[in-house]
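A single chain comes next, written as C-alpha cells; it is the form predicted on its own.
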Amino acid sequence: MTAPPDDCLARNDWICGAYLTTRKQILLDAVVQHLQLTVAAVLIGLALALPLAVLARRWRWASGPVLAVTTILYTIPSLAMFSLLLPVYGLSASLVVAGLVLYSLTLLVRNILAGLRAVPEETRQAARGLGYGPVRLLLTVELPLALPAAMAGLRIATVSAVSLVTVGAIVGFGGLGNLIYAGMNTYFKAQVLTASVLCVVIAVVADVLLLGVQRLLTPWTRAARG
C-alpha cells in the first residue's frame, strides 16, 4: 500500500500552508488587481450617482426615469452585461469596471436620493432664510444630512463590487476571480479556497472601514442614538 504524499499540494488539500508560501506573488497580484477594479468602479459610480440623485431630487419628474433605468441595469445578468459592453471596451479591465459602475448606480442613486429626501423641509427653509443659495444649501446642509443613507448605499455597493469583480475572470480581469476560475477548472482545492476566503476578507474589511468613515463623518448620529 502506497503511503500518502507528505506535501499538502501533492495531496491537493483544501487547506495548505505550502500554497500560501509558494504563491505569495500570485496572490498579491490578484489582490491588488481586485482592489484596483473595485475602487475604480465604486469611485466612478459615486461620481455619476451623486448628480443623478441631485437631479432626481430637484426635478421630481426625473426621479421615475432615473430610478427605472438604474433598476433595469441592475437586473441584467453579469455575463449578459459584459457581453453587451464587449463591443465598446473589448477584452480589457475597462470592460469590468464599466459593468461594475452600472451595477453600482442602483444602490448609490437610491440611497443618496433617500438621504436627500429625508432632510426636513424646515431645515431647508431655515437655511434659505439665512441667505443660503441652492449650491451652498446642497453642499453644507443637504448632503451632510444625507450622509448616513448615502454611506449605507456606498457600503452595499462596495461589498457588491468586491463580489462581482470575480465574474471578470471570464475576460481575464477578475482579480482573485482569476484564481478561483483557474482553480475550479483544474480542481485545485487550495487555490479555490484561499482566493474565496481572501474575497470575503476584502469585503468585510472594506465594509468595516467605510462604517468607520461613516461614524467619523456623522458624529451627530451617535449622539442621537445615545
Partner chain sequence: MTTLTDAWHWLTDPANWSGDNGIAHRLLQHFVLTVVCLVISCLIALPVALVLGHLGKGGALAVNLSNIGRAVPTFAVLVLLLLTPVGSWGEGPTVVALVLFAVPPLLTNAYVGMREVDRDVVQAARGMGMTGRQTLLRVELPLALPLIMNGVRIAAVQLVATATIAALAGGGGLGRIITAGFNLASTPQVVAGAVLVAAFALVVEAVFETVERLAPRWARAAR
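Residue numbers count along the first chain shown, from 1. All figures in this text were calculated on a predicted structure; none of them were measured in a lab.
From this point on, the text means the form predicted in complex with the partner chain, which you will not see here.
- Partner contact region in the model of the complex: 179-187, out of 56-64, 37-45, 179-187, 23-31, criterion any non-hydrogen atom within 4.5 Å of the partner chain.
- 87 is the sole member of 87, 133, 120, 129 with a non-hydrogen atom within 4.5 Å of the partner chain in the model of the complex.
- Although the partner is absent here, residue 83 lies within 4.5 Å of the partner chain in the model of the complex, judged by heavy atoms.
- Interface residue remark: residue 200 is counted as part of the site for the partner chain in the model of the complex, having a heavy atom within 4.5 Å.
- The partner chain in the model of the complex comes within 4.5 Å of no heavy atom belonging to residue 151.
- For the chain shown alone, residue 166 is a contact residue for the partner chain in the model of the complex, at least one non-hydrogen atom being within 4.5 angstroms.
- Remark: all three candidate residues (72, 91 and 192) come within 4.5 Å of the partner chain in the model of the complex, counting heavy atoms only.
- Taking a 4.5 Å heavy atom cutoff to the partner chain in the model of the complex, the contacting residues in 145-163 are 156, 159, 160, 163.
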